[in-house]
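Given next, in structure tokens, is a single chain: the form predicted alone.
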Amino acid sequence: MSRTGALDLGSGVGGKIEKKDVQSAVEQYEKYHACYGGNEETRKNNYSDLVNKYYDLATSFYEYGWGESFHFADRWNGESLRESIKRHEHFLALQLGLKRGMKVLDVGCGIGGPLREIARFSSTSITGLNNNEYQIGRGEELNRSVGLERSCNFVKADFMKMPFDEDTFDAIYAIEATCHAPDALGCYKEIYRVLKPGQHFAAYEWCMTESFDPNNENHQKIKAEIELGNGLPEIRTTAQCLDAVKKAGFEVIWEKDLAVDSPVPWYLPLDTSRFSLSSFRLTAVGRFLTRSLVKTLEAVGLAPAGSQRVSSFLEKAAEGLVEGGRKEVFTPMYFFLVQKPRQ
């Protein structure tokens, strides 16, 4: 089950990083970003270290506040956050036409929340690809807890260099994960290579929208805050993602920013002007209590030095995400369904 207790949060900060080295890792991570003098080129050249440090530092906060599925979802009126997340995952499975016996790849699977939900929903065998050792360990533990350790597995590898033969998988998906790639085209080409001819790839991508103005200082600030708080080398536009997936060789079946028609704003769980009992830890009061909790745990040595700084940049990310959503310059759910041509 998810680790949702205070001690789990404190002890999990840093992942596989030695606890004595967490503060140093935070400082190194921060220096990659524009807010601390870093630049896009450095992040791209060091994307593996950037992303690994981020998820070692942030995973326990995600589990504590969000649960096992680290992603947003379009949401209907009257629907809870957890219900919308499950429906978002089921929608992906249905778009891919997943069914019993198919061999599926989850690119950038996190701790496997969507993997487990989709595997149970579709009766498929799913391999989760992840380059973070700590998250894989958590995913394997959670798979065992629900009896999926035989049908689903994890592979530790870089999605820019996948350790699979050509034409291996019957379907592939990525949920808010390939945004971590330093080069979208290179990542999509790898996905194309390991997907069987005639089969489908579907993704939810983090993107700047058509409303984003690179010459607008406020828009650039929003972009920088999201990159800092989410371990991103850069955030591409929807047009850049679509162009990259086409150049990789895929045929586009359909694509759309699903945030546009969502009856409930996707960023609502992070909006501190709203209150929700079902998502209490994400509200202003909940975040204040978490901040105080982390400060106390760090002070008494139950959380490593640097934990408060992780909490701080995650809150900064939340501010950027809400502002990006309100101004409609950012979306976490640019969706596309594409097909590898039959040979």
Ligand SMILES: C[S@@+](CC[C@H](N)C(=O)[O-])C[C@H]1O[C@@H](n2cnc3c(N)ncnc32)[C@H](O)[C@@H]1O
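One-based numbering along the sequence shown. Here the structure is a predicted model, which means the values were calculated and not measured.
One more form of this protein exists, namely the form predicted together with the named molecule; it is left out here, but the text below deals with it.
Contact with the named molecule in the model of the complex, defined as a heavy atom within 4.5 Å, is made by none of Leu268, Thr272 and Gly325. Proximity to the named molecule in the model of the complex, taken as heavy atoms within 4.5 Å, picks out 132 to 140 from the listed stretches 76 to 84, 217 to 225, 249 to 257, 132 to 140.
Comment: the named molecule is not present in this chain, but in the model of the complex one of Ile175, Ile172, Val245, Ile126 has a heavy atom within 4.5 Å of it, namely Ile175. Residue Phe159 is the only one of Phe154, Phe212, Tyr192, Phe159 with a heavy atom lying within 4.5 Å of the named molecule in the model of the complex.
When the named molecule is considered in the model of the complex, Ser60 lies well away from it, no heavy atom lying within 4.5 Å. When contacts are judged by a 4.5 Å heavy atom cut-off, Ala303 does not count as touching the named molecule in the model of the complex. Proximity of Val51 to the named molecule in the model of the complex: non-hydrogen atoms within 4.5 Å are present. Contact annotation: Ser311 falls outside 4.5 Å of the named molecule in the model of the complex, judged by heavy atom distances. In the model of the complex, the named molecule lies within 4.5 angstroms of at least one heavy atom of each of the following residues of 64 to 83: Glu68, Ser69, Phe70, His71, in sequence order.
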